[in-house]
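Coming up is one lone chain in structure tokens, specifically the form predicted on its own.
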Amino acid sequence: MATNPLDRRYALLGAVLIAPTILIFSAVIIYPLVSAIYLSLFTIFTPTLRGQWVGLGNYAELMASNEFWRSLANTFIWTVFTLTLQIVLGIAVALMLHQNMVFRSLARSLILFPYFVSTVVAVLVWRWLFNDLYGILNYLALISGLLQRPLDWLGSMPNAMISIVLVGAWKYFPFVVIAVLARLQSIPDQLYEAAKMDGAGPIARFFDVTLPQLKEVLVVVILLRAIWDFKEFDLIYLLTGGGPVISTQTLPLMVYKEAFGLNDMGRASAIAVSMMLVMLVFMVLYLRSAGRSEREGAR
């Protein structure tokens, strides 16, 4: 069967239009990914990028490394607790901002401040608050009698982990507020009126009406935030640098240390590939959730 010349021209036009996207995708995703996998099979000296083939040797060393497993555990601890606080704070603040209140528009604008402020600026402010000599947190705790002596917030455990979790939750919970508040505004008032007629109080209405309506949004938000928190680097690095010792060192910090501190790009690439495999699980869950939402919305 002969091909229509017009169809060939449309096919060529489609290829031309999609070519820039394919090139950009290959440059920023495929090439770095393939390079990381390739480098992980060598012992690479970072300044020269020269080394020798070791195959899966880097991965075998990681599996036997206590530092790798400790960093992986720290990454999960940071991700789980930070994400939990973000969700709880985000839902609570979104519910508050959804009510009729004075200066509601101003409050909605100010609540976004932590999310949009530079991470470097936020860390500088929090390091000043946490300072054990002149930090305002220690000062308030001392004058109120909660502490007898200044507390080392960032230099001892478990204070250091608690501190970075609190700062991380403060920095990123506005993202949850934005998503939840948008969904709250689309919930029909008739659902709440029907629940009131059935005698449901505020708590019952939250669990019977609000929370089920937020389910789809929360699933997407949790998966997205889990992916972003799992690969968080700058906030933790600037606050503690992974210390004390490696007590708050996460996998991204270990990648940085191996690549630029110990000049072992091959081992760093192996850690990065291992991170990618873990994050791939989150990505699959996110794509399945997004696809399910689209199918349900099309019905």
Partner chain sequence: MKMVRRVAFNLFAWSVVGLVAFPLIWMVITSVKPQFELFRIPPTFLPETVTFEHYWTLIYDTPFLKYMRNSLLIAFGTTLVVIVVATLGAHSLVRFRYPGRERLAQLVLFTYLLPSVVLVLPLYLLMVWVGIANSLFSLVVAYTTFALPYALWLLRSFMQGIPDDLEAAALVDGATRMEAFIDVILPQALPGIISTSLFTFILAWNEYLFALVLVNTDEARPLTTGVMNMLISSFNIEWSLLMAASVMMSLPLVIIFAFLSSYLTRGFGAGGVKG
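What you see is a predicted model; the values in this text were computed from it and never measured. C-alpha atoms forming the largest set that superposes within 1.5 Å between two forms make up the rigid core. Residue numbers count along the first chain shown, from 1.
Although not depicted, the form predicted together with the partner chain is the subject of the following passage.
Residues within 4.5 angstroms of the partner chain in the predicted bound form, judged by any non-hydrogen atom, belong to 113-121 and to none of the other stretches in 145-153, 113-121, 158-166, 73-81. The partner chain in the predicted bound form comes within 4.5 Å of a heavy atom belonging to Q99. A residue is said to contact a partner when one of its heavy atoms sits within 4.5 Å of a partner heavy atom; I236 fails this definition for the partner chain in the predicted bound form, lying far away. In the predicted bound form, the partner chain sits within 4.5 Å of a heavy atom belonging to L224. Of the heavy atoms in S109, some are within 4.5 Å of the partner chain in the predicted bound form. Think of it this way: in the predicted bound form, the partner chain has a heavy atom of just one of I246, A60, L262, L33 within 4.5 Å, and the residue is L33. Contact annotation for 254-283: residues with any non-hydrogen atom within 4.5 angstroms of the partner chain in the predicted bound form are V255, Y256, A259, F260, M265, A268, S269, A272, M275, M276, M279, L280, M283, listed in sequence order. After superposition on the rigid core, the Cα atom of L17 is displaced by 2 Å or more between the shown form and the other one.
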